[in-house]
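Shown below, as structure tokens, is a lone chain in the form predicted alone; questions about how it binds or moves come after it.
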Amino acid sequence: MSIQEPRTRIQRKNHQAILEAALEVFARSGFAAATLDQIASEAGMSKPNLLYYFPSKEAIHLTLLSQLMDTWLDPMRDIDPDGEPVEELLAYVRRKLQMSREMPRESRLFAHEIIQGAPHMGPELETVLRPLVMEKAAIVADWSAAGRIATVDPVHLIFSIWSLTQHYADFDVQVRKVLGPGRDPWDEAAAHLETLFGRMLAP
């Protein structure tokens, strides 16, 4: 059974409502614990109506992951080999942190998938993610070899950027409990990461 493509305005609205509801449910519960009944309830529609648009929970999950992968990689694609190296990398850090701030559910959706062994997007990690990382890592390696940034392992630098920016979305409750009331973790994180990576990358 194929996914029903939305054609009318109402169908497009319902299609988007399902994806929005599923994002909330998957980010909160993970794929395994989520159910179609939960997604339908969150979307404010019946389960049969939901199944008109998507044949299964897996189909909804794959649609979300496919959209997320493309959006999630845009900041990395924007790293310009002709730009000023430290500023290009700091701009990447800023954009990744901003995305985590604006899209925490998407970050947690991706984290759930990876923690479970990437059962639905394993191939994309090898065919889409890895080539892009290798392409940008080669640029970072060239900058390092030319003395334009400090000597770093380019792939582990990218891992560090992912970890330190997405942490604030994936572990939001922990971060806020530790910091206590009255402190903005995002503004503090932005200043901290700017200093951390700026000093680490300075030639």
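Just so you know, these numbers come straight off a predicted model, no measurement behind them. Sequential numbering from 1, following the sequence displayed.
Omitted here: the form predicted together with another copy of the chain. The next part is about that form.
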Is it true that Ala111, Gly117 and Ser163, all three, sit within 4.5 Å of another copy of the chain in the model of the complex, judged by heavy atoms? yes
If the cut-off is 4.5 angstroms on heavy atoms, which of these, Asn49, Thr35, Ser66, Ser29, is the one near another copy of the chain in the model of the complex? Ser29
Please tell me whether any heavy atom belonging to Lys13 falls inside 4.5 Å of a heavy atom of another copy of the chain, as the geometry stands in the model of the complex. no
Should Glu126 be counted as a contact of another copy of the chain in the model of the complex, where contact means heavy atoms within 4.5 Å? yes
Heavy atom to heavy atom, is Leu23 within 4.5 Å of another copy of the chain in the model of the complex? no
Does Asp142 reach another copy of the chain in the model of the complex, with heavy atoms at most 4.5 Å apart? no
Within 122-142, which residues come within 4.5 Å of another copy of the chain in the model of the complex, counting heavy atoms only? Gly122, Leu125, Glu126, Leu129, Arg130, Val133, Met134
